[in-house]
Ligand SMILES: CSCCC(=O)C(=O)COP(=O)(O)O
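Shown next as structure tokens: one chain only, the form predicted alone.
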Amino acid sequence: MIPRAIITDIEGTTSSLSFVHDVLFPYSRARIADHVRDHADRLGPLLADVRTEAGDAGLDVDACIIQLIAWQDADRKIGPLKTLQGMIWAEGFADGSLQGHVYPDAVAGLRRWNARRISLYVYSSGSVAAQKLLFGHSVAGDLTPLFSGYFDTAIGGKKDAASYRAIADAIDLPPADILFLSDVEAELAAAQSAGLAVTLLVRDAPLPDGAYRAVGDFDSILPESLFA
């Protein structure tokens, strides 16, 4: 079956886990305190969200910084933290300090599928803004024209079947016409229960015998022979 749309995860799927955890996260952590202090006047709404999430309306700027760093260290998927990380990464991508890692086979696959008029989407726990930064300033250049849309956890958690039903509704396609790619089996389980087709990406490890079709790279997902 050739899907009408493909939704891809980022970490471990299009991009290496090490880029996110060893490059992006340390980059933002090292700059959280200075960024908040330097821009505290315009970050009022974000800091208010920090206080709401922390359940303490009395947090001052320094306490908000401590909370944000603690959330980052715990890899929490908290809205104001993700927004702030996106702001910091935007500066790094804009000045050339950062370039988004995308596997060469993923770049080739995305371009090939786009040329075949398969609609491409991203669904990641990182904010939509951060997704666009990574693909817009990738090592392969600006890849954003390949995508028809982006989704983050504002639509729901990645291990919740309702999130995938909501995405299918948003892109106006039957779930059965959509293929979801991820390296996380719990995400595939949620997508599959919502009616999507799924494929497990397993990079740098033997392919497992399991409940899901597993491939080692994008070249194996939709072989060119399918389009003959």
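Counting begins at 1, following the sequence as shown. Values in this document were obtained by computation on a predicted structure and should not be read as measured data.
A second form of this protein, the form predicted together with the ligand, is not displayed here; the remarks below concern that form.
Against the ligand in the model of the complex, would Ser125 count as a contact residue? Criterion: heavy atoms within 4.5 Å. Because a heavy atom of Ser125 falls inside 4.5 Å of the ligand in the model of the complex, the answer is yes.
At 4.5 Å between heavy atoms, is Trp113 in contact with the ligand in the model of the complex? Taking the distances in the model of the complex, the answer for Trp113 is no, it never comes within 4.5 Å of the ligand.
Can you tell me whether Asp217 touches the ligand? I mean in the model of the complex, with a 4.5 angstroms heavy atom cut-off. Output for Asp217 is no: heavy atoms all beyond 4.5 Å of the ligand.
Does Leu134 make contact with the ligand in the model of the complex, using a 4.5 Å heavy atom cut-off? Judged by the heavy-atom cut-off of 4.5 Å, Leu134 is in contact with the ligand in the model of the complex.
With the partner removed from view, which of 65 to 73, 197 to 205, 41 to 49, 22 to 30 is the stretch that lies within 4.5 Å of the ligand in the model of the complex, judged by heavy atom distances? Careful reading of the contacts points to 22 to 30.
For the three residues Ala90, His101 and Tyr150, which mark the spot I'm curious about, does each lie within 4.5 Å of the ligand in the model of the complex through at least one heavy atom? Judged in the model of the complex, none of Ala90, His101 and Tyr150 sits within 4.5 Å of the ligand.
With the ligand taken in the model of the complex, which residues across 153 to 177 come within 4.5 angstroms through any non-hydrogen atom? The stretch touches the partner through Lys158 alone.
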